[in-house]
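Okay, here we've got a single chain as structure tokens, the form predicted alone, with questions on binding and movement later.
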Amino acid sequence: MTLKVYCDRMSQPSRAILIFCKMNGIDFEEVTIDILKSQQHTPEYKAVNPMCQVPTIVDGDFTLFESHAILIYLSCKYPGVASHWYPSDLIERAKVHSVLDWHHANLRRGSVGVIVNNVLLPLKGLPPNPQAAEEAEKTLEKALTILETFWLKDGPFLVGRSQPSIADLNLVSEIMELQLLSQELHDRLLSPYKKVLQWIEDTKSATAPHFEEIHGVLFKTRKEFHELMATKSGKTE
């Protein structure tokens, strides 16, 4: 039975799962759940994932959600997965787990907060929350600093590895969501972090051509959102 991946390509963790499957030749059926249309809250999808989030995989009789858990499961199940994605060595594997655990409470928390206040609220015509926006930026900047000075200090990829792991895929997909920001804000947040920027490019290269393909929807949405906001403000970016 074919693996089913319930996802939305506008979702950071969904993109990580899709790129991973394509990179490793895993046969799967992509089932799109449009989160902007609230399809994750339909009774049909809630029966698949009671948390009403994406991504979710269904592998025969087994259902699993949470992207980190999914990537670990897929790495272990499919023998054709290259070992660098999820190393068999206990210490190296523990290092990958450490950065995955760090991700949600730090980088993801800051990134999502910045996107909500600078993209989603304006998109819905809601007033911004300056205090929340400032706090989110501080959280993101702290996370990017830790990425730059700690997680990337010993090699081109996270925790000193010479090839990408599932952690690189997940965290780079997270940062790519910042493409939705205005060019000015995007550059202000990311330009100080030269190692982070190089790591993003190295991960793109290591996962070509699937990285660009899977992120195509994000790039298209970025263009449309920037045009919409420029129209509203009477400016061109």
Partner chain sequence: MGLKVYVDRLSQPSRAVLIFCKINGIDFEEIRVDIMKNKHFSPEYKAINPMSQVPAIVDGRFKLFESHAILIYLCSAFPGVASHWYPGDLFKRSKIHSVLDWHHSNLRRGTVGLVFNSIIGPQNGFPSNAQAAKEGEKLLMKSLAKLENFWLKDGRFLVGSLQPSIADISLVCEIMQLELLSEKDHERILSPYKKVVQWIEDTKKATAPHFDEVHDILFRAQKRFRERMATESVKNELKSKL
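The structure displayed is predicted, hence computed values, not measured ones. Residue numbers count along the first chain shown, from 1.
One more form of this protein should be noted, the form predicted in complex with the partner chain, which is absent from this view; the next part is about it.
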{"property": "Partner-contacting position among S38, T63, S191, S182 - heavy atom within 4.5 Å of the partner chain in the model of the complex", "result": "T63"}
{"property": "Heavy atom of D154 within 4.5 Å of the partner chain in the model of the complex", "result": "no"}
{"property": "In the model of the complex, Q163 touching the partner chain (heavy atom, 4.5 Å)", "result": "no"}
{"property": "The partner chain contact at K138 in the model of the complex, heavy atom, 4.5 Å", "result": "no"}
{"property": "Partner proximity in the model of the complex: L121 to the partner chain, non-hydrogen atom cutoff 4.5 Å", "result": "no"}
{"property": "Listed range touching the partner chain, judged in the model of the complex by heavy atoms within 4.5 Å, from 46 to 54, 26 to 34, 199 to 207, 172 to 180", "result": "46 to 54"}
{"property": "The partner chain in the model of the complex reached by all of H68, I72 and W102, non-hydrogen atom within 4.5 Å", "result": "yes"}
{"property": "Partner contacts for 131 to 160, taking the partner chain in the model of the complex and a 4.5 Å heavy atom cut-off", "result": "I146, F150, W151"}
